[in-house]
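Coming up is one lone chain in structure tokens, specifically the form predicted alone.
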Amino acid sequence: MQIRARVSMSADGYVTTPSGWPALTADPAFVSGQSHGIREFLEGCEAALMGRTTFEPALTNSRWPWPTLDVFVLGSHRPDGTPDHVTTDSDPVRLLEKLRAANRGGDVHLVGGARTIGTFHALGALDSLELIVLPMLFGGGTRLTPALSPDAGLVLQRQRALPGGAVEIVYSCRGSRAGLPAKPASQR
């Protein structure tokens, strides 16, 4: 099991537009139907892990965004309308334990914003950071990871050009897994 974050961002480092929308929604290539590799990315994933702020808008969506994935949500409470099959917990270490116990060998899509990615990276649980850098400058919005230190331990794995001038950059995240419960032998 690998925990993989895949995030779109502007060339000046913002994951949201100045008005708070996800960066990808401002890209004309994405709006016209280009997936920017998300379909291929999700093929290897069996679960989605996210914070409550990312999760809650899905509760009012006309279509469930994760129809084939197990969903795990980090949050201080279970929002009204949360489907029974969604696992929630306020403690990230406990949530990781539940995620690992349920895992059948597939990867985990860490969906989220800067706080959620930063939380799981700080725990040593983030295995890869996949960035889709859009050919746009926002000049404002939410930064990807304002709290991560310069010694975050990113190692370039690959890069490729995408339609419309976007670029995919994939980094592995090295570093300590200190403070985390041991992975079961079947998941190492």
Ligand SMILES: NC(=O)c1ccc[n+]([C@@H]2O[C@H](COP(=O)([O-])OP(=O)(O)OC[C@H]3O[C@@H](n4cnc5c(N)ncnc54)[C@H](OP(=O)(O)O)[C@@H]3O)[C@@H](O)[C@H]2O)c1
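Just so it is clear, the model here is predicted, and its values are computed rather than measured. Just count from 1 along the sequence shown to find any residue number.
Although not depicted, the form predicted in complex with this ligand is the subject of the following passage.
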item	value
Touches this ligand in the predicted bound form: V71 (any heavy atom, 4.5 Å)	no
This ligand contact in the predicted bound form: L96, any heavy atom under 4.5 Å	no
V15 within 4.5 Å of this ligand in the predicted bound form, heavy atoms	yes
Residue contact check: G164 to this ligand in the predicted bound form, 4.5 Å heavy atom	no
Stretch 68 to 103 - residues with a heavy atom within 4.5 Å of this ligand in the predicted bound form	L74, G75, S76, H77, S90, P92
